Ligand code: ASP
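First, one chain by itself: the form predicted alone, in C-alpha cells.
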C-alpha cells in the first residue's frame, strides 16, 4: 500500500471534539487503503507554558533540560490521538521522535536532522497500525533528547516522508494554504495553487509561518512535494513542489519580518558582528555593503554582538519580495517607486537569487506591503 504522511498542527488537536475529528479523518484515509503516519504538534500554548514554568525556576535553564521538558507537549498530543483512533476501531500506536529513529546533531533547542532510521515505523505499518509520531523532536548522536526549533514538526513530517518513500506529505493546519501575502495584513492576498520549493523557502525565511524553512529545504533536497491545507475545511490548499505546472509570475509572494533592527558599522568589523549575533541567537537577515560602511539588519532587538555596541540602532521592518524574477532590476525599481510614492524611505535593500528584501520604518510596514502587493501581485498585473 502507498504511504501517506500527515502532520496536524496544535490548533487541530485542541479539545476532544477536534481530536476525534482528526481521528475520523485519519481512519477514513486508512480505509481507502493507505498506510498512514501522523505527525502531531503540541496543543496551542503548551510549549510556551512549559518554558515559562522553567524560567520561573531558573532564568537561564540548561538547554538539555529544556529539550526534555518541551517534548512533553507533543507526547500528550500523540498519546491522545492514538487513544482516539483505537477507540473508533482504527488500530494505532504512538511513538516519540527517538523511537522512530530521528537522529540529530547535538545542538539543543534547535537541532538538525542527520538521518532517519524508520525501522519501527515500517514494522508497525506492516502490522496494520496507524503510526502517530510526536513531532519537533529526535535523539542526538550523543543519545540525548533534542528538539528541532519552532515549526520543527513540519520537518519531522517531511523527513519521515522521505525516509519511507511516501506517496505524499500533507501539512494540515488552521489555514487553507499559502497566500501571496499574510491575508491579515493584506486583505487582497490570494491563495497560491502551486509554489516552487525555492520560493516557499524564501517566504518562510522572511516571516511566512505556514511552513518552516528547514522543512521546505529538506523537501527540496529529497524531492518531496508538500500539500498545505486546512485540517477541517477540506479545501484544495497549496502544493509545494520543485517545478509548478503553470508559468510563474516574476513575483510569487511577499513576506514580512515585522521587528528588526538596523545598524551602520565600519566594514572591518562586519564579519565579527555577524558571527556574534548568530552565536547569540539573533538571526542576521540583511547585510548591505556601502562605500563607507556596512548596514546589518538583525531580526528582533539586538542582543549579543559586543563589537556593535557603539553602532546606532534603528528599528525597521523587512519586506521580502519573492519569486523567480524578484531579484531583477525592474522589480527592485518598482519597489523603490512604490515606497517613495507613499512618502517613505528605503532604509536598506538587497537583491539576490529569488528575492529582493527592503527595510522600511516599522510604522510604515503595513502600508508598504499592501501597496507592493497591489503593484506587483494585483489582479491587473501581467501573469
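Note that this is a predicted model, so its numbers are computed, not measured. Numbering follows the first chain given and starts at 1.
What comes next is about the form predicted together with the ligand, which is not displayed.
Using a 4.5 Å cutoff between non-hydrogen atoms, residue 151 counts as a contact of the ligand in the predicted bound form. For the chain shown alone, residue 47 is a contact residue for the ligand in the predicted bound form, at least one non-hydrogen atom being within 4.5 angstroms.
Under a 4.5 angstroms non-hydrogen atom cutoff, the ligand in the predicted bound form lacks residue 318 among its neighbouring residues. The closest heavy atom approach of residue 338 to the ligand in the predicted bound form falls outside 4.5 Å.
This chain is displayed without the ligand, yet in the predicted bound form the stretch 143-151 from 258-266, 143-151, 88-96, 125-133 comes within 4.5 Å of it by heavy atoms. A heavy atom within 4.5 Å of the ligand in the predicted bound form is found for exactly one of 357, 37, 42, 326: 42. The partner is not shown here, but in the predicted bound form the stretch 57-84 reaches within 4.5 angstroms of the ligand through a heavy atom at 74 alone.
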